[in-house]
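Take a look at this single chain in structure tokens; it is the form predicted on its own.
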């Protein structure tokens, strides 16, 4: 599909499923090399990162643990600049190597909140893996260790990304048409 309609908005294809899978493989290879010999705890940020995480973990071949947190900072197509923690961590973080798995980093507000929390819990080190990064929207100053693709500051859906909960199920990524 070249274009889709989600609720009241039109979207056109931006990144194909094939390109996404190649990018996921590159990220997994780098993580496997960098963290060989460690047993990291991967923290997947729900809801958006669930598809990326599932594809990524099929290619991770090091010993590791996986857990999930649910954070929210968006309503519709706009960030609220406030992070709400809907599901938190149960695992011990102190002294652990942690890798946060995120679908997209735009403003960086959600990730900044998460990094501060993990450092408060005394994680040995915190790395970040994101499929997508919007450098033009980024407002924070933390290091992103694994970036799949840099993209423009467009509103996008598909491959786990949503518009008010819809369109996560598409294998490709679509950008909004107009606004």
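Please read these numbers as outputs of a predicted model, since none were measured by experiment. Numbering follows the first chain given and starts at 1.
Below, we turn to the form predicted in complex with guanosine-5'-monophosphate, even though it does not appear here.
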### Query
Does any heavy atom of residue 155 come within 4.5 Å of a heavy atom of guanosine-5'-monophosphate in the model of the complex?
yes
### Task
Determine whether any heavy atom of residue 89 comes within 4.5 Å of a heavy atom of guanosine-5'-monophosphate in the model of the complex, and answer yes or no.
no
### Task
Answer with yes or no whether residue 107 is in contact with guanosine-5'-monophosphate in the model of the complex, where contact means some heavy atom within 4.5 Å.
yes
### Message
residue 134 versus guanosine-5'-monophosphate, in the model of the complex: is there a non-hydrogen atom within 4.5 Å?
### Response
yes
### Task
Go through 147 to 155, 117 to 125, 29 to 37, 52 to 60 and give me the stretch that gets within 4.5 Å of guanosine-5'-monophosphate in the model of the complex, heavy atoms only.
147 to 155
### Task
Sequence order please: the residues of 21 to 44 with a heavy atom within 4.5 Å of guanosine-5'-monophosphate in the model of the complex.
none
